[in-house]
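The chain that follows stands alone, in the form predicted on its own, written as structure tokens.
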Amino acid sequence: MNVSTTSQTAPALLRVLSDGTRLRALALLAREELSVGELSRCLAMTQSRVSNHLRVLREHDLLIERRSGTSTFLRAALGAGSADSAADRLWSAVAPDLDAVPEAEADRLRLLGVLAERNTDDASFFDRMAGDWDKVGALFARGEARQRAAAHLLPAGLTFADLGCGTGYVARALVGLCSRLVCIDRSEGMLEEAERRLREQGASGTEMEFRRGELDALPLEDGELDGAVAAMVLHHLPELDPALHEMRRALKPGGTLSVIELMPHREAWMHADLGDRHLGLDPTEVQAAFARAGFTDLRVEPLDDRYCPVPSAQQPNTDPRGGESVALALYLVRGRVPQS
């Protein structure tokens, strides 16, 4: 039923649109036709509270209703009316700014979830959702599910090592991908912290060992490892060759070594703050050291990531930017031990 035209006067409409919840509801209903229950879920509110706001919007002819069985579906009666419509003129002025409302993004994501449930049998729906699906279909608390799925693609019984493990930030990604994980570092303090963090994370079927040792004298048997990672450690070494020969010795025939390193840079404060011996390493030099150590199937690739250290406040005169973080380029070098 239509009410008098006074309900469409500018003062009356301004009072209606001054409420944030009603604006959020109209923004959703301008995108999609929704039932009252679906709208409540999108707004993360009780249905009774949403119904009170819908009553106000109905009184001002701002909704179009459609019944389907026992359900009532709603959509906004805005944006397609006459140029003489006060409601359409006000909506045209307000709508472009609604994406800036703090709750707008959460409302939209909940809307995508509601529509996904409604359209699970509709392949065209997923075509439309492709651009936003990572925001809805890939929201996991820890990411452990996909890591466990990847782990089951690998052969059972593998032994990996994190060489120069530090506090275990790389080792955390290896837990669950192998049967045994050996963490090695020259610092007892680093090893203790790595063990504490990894034990708290949980083993996920991986037996973990923590060994103190140098990269050029690894506490590993010949051919003990199926694979190893050395992340951000080579630039701490005086020479590359002794460490890479040791890593090759500890790997089985066919075993793989992956190294993550910094591209050459000019952040001299990292000598004092982070103990870096070299300001990054040229990837061609690292690749050549791999070859000299006897690795084959060499591969060098840039990484879509950055290392972002922050200068220490204890070294105030070493950083010209006054303590701001930097973003340093990374690359990966991979090599395999020959099968024969």
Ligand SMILES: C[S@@+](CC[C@H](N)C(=O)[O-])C[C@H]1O[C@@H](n2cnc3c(N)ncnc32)[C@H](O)[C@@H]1O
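One rule holds for the numbers: they count along the sequence shown, beginning at 1. Just so it is clear, the model here is predicted, and its values are computed rather than measured.
What comes next is about the form predicted in complex with the named molecule, which does not appear here.
Partner proximity in the predicted bound form, defined as non-hydrogen atoms within 4.5 angstroms of the named molecule, places exactly one of 192-200, 263-271, 162-170, 103-111 at the interface: 162-170. For the chain shown alone, residue 186 is a contact residue for the named molecule in the predicted bound form, at least one non-hydrogen atom being within 4.5 angstroms. At a distance threshold of 4.5 angstroms between non-hydrogen atoms, residue 214 is in contact with the named molecule in the predicted bound form. Put simply, residue 232 is close to the named molecule in the predicted bound form: some heavy atom of it is within 4.5 Å. Residue contact with the named molecule in the predicted bound form: residue 257 places no heavy atom within 4.5 Å of it. In terms of contact with the named molecule in the predicted bound form, the residue from 74, 237, 77, 178 that brings a heavy atom within 4.5 Å is 237.
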